[in-house]
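Presented below, as structure tokens, is a lone chain in the form predicted alone.
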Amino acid sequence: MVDGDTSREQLLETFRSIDTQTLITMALIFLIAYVLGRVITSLLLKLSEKLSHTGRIKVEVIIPIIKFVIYLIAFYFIFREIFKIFGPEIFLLAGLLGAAIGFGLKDLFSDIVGGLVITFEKPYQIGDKISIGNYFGEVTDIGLRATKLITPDANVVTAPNSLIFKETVASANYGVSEMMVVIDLYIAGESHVETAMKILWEAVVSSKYVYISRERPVVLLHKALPFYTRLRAKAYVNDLRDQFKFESDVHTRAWVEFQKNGIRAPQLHILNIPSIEEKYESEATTRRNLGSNLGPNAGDLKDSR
């Protein structure tokens, strides 16, 4: 049995014995896995865009699984090369790697583990619209280290996979193409609510983007508030990408009919904000009153400043 110093010396000697060809082989394995993953992902995404909504979701679901299988096979061949090189010293190397993960690579390791959890547990999938942390958008890619989202403003957000352990994830469609859209309209409190509800109903059910079935009904609600009335429509779109088109379509047609029927938006209540001169006079009056309340000691306080 060798002591710790001897083992470290043997490990260093093994590192020095690694030839360039071995390093190139390991780098090539990783490079091939990366390129293969990117090519397959690109081809499947292009294929999915040509399919129906349901078919697109099914194809996009398998993309992260294929990528992780490719990377797992690549890591198998890389670790096989490492084991050939280090042999019995592999356990000491594993200890050093564990220390490296603990001190410097723990975030990267956490992201990779998060990617595995996302791939096989599926809290969300490619094509879902999710909220995670401060971000909301459609998932376009689940990689080894990060998840990419495209926001409604077309910004691409790269969120580390480890967020899955720290933040709550909300998926608006959870693997299906249909998604509920909530539309709020605010009208003046004295408006005729029944007429407004009827107009909103017709605007929702006649939209070309709405999807209605027994499991996906349209629901209308209204709530009277002190200064206005809120009308809320809950309905589904067949393709989650139609969310904003659906909202815009319903808003436009509903408000056209509202105006025809004398239903108006709540009036803005403007507060009586004093002018600058009035504000100055008010502050001066306050200072004078404060000075008089201080009584004879006011001068002493002034001098002490």
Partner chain sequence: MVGIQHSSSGEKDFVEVLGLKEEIEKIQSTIADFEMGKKLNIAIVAEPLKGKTTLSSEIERINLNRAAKITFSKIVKNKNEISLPDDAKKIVILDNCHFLYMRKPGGFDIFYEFLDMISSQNRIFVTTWNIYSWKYLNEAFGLGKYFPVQIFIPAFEKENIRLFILKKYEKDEIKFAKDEESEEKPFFYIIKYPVELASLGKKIFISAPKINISYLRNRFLKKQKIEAAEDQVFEKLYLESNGNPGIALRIWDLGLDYPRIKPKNIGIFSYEVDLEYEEAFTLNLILSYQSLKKSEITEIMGSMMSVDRILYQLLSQELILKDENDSYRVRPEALSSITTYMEKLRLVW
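If you're wondering where the values come from, they're calculated on a predicted model, not measured in any experiment. Numbering follows the first chain given and starts at 1.
Although not depicted, the form predicted together with the partner chain is the subject of the following passage.
Discussion item. Can you work out which of 79, 201, 186, 109 has a heavy atom no more than 4.5 Å from the partner chain in the model of the complex?
Written reply: By the 4.5 Å criterion, the partner-contacting residue is 201.
Discussion item. Please tell me which of 51, 62, 69, 265 lies within 4.5 Å of the partner chain in the model of the complex, judged by heavy atoms.
Written reply: The residue in contact is 51.
Practice prompt. State yes or no: in the model of the complex, is some non-hydrogen atom of residue 221 no more than 4.5 angstroms from a non-hydrogen atom of the partner chain?
Written response: Residue 221: no contact with the partner chain in the model of the complex.
Worksheet item: Can residue 207 be called a contact residue for the partner chain in the model of the complex at 4.5 Å between heavy atoms?
Response: Residue 207 belongs to the contact set for the partner chain.
Worksheet item: Given that the partner is absent here, does residue 212 sit within 4.5 Å of the partner chain in the model of the complex, heavy atoms only?
Response: The answer is yes: residue 212 has a heavy atom within 4.5 Å of the partner chain.
Worksheet item: Looking at the partner-bound form in the model of the complex, is residue 178 within 4.5 Å of the partner chain by any heavy atom?
Response: The answer is yes: residue 178 has a heavy atom within 4.5 Å of the partner chain.
Practice prompt. Within 4.5 Å of the partner chain in the model of the complex, counting heavy atoms only, one of 114-122, 166-174, 129-137, 193-201 shows up; tell me which.
Written response: This holds for exactly one stretch, 193-201.
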